[in-house]
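Here's a solo chain for you in structure tokens, the form predicted alone.
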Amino acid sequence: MRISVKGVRGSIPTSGADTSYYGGNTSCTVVSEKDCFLVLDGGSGMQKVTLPAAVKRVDILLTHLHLDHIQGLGFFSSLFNPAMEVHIWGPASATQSLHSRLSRYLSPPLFPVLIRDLPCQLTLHDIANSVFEIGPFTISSRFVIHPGPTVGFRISGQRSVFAYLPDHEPALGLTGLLKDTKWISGFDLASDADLLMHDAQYTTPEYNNKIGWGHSSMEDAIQFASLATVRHFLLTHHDPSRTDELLNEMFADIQKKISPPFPIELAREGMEIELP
């Protein structure tokens, strides 16, 4: 299983020399195995996704429909290719279909092309606490704590498991992360994963002023990964105010406080990870 990171920023794209190392594009990651390609989230990093010419199907898995996770959709070339079969999977809502909600973005005045006029062979899938198969992958989706319908994904390939929860606040509550793991949001998705990519937008002081906004502190995210006994951890959804220098300083500080028994890294654009 190959993981290709295309966007790691939260909330809004940031560009400039001071964010060039970690990157300024919003959430997008490609998972591939054999000739099957999954695109996780459609943030602005999606413009960097290219597929081999022989590929005729691509599946886009959306964790939720906040703008920083869908703003790249309209610039994804496969949507404009009549020969491409495109499947978009996104969290179900109690009030509107996935098609209806995506149409609010993919229509004037926000976008010049209506979703119904996209020339690709498009199929939309409303998902909830679901298990489904795409090519060699078995995918579990579960609703997780974040404002609005939001899911996380556990992607099982032939030999590896990748868990993806880029927007997630599992410590929301009176006492932070619960001790009984069966009640922790997203725990089943991350449990024993070979690689977890998880929200870590804030410092602890910042988080204390933004409880309920749907994101995690670095400390809570590492504790979540430790409870889930993951083998490798990527911190992502970097706050748009962070320069590369600030991210390095924050990461150095957190490493002085916490030393989990598995590798931890800040996710960055262009990162390629091959899982066994």
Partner chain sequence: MASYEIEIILNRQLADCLSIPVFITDTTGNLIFYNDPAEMILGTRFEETGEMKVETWSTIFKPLDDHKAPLPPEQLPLVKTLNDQHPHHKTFWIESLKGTAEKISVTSYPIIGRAGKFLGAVAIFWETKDL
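Numbering follows the first chain given and starts at 1. Please read these numbers as outputs of a predicted model, since none were measured by experiment.
Beyond what is shown, the protein has a form predicted together with the partner chain; the following relates to that form.
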Partner contact check in the predicted complex: of 82 to 90, 105 to 113, 165 to 173, 193 to 201, the stretch with a heavy atom within 4.5 Å of the partner chain is 165 to 173
Q) Wondering, does V144 line up within 4.5 Å of the partner chain in the predicted complex on heavy atoms? A) yes
So in the predicted complex, is the partner chain close enough to I184 to count as touching (4.5 Å, heavy atoms)? yes
Against the partner chain in the predicted complex, would L178 count as a contact residue? Criterion: heavy atoms within 4.5 Å.
yes
Using 4.5 Å between non-hydrogen atoms, is N129 touching the partner chain in the predicted complex? yes
- Query: Each of A94, G148 and D188 near the partner chain in the predicted complex, meaning some heavy atom within 4.5 Å?
  - Reply: yes
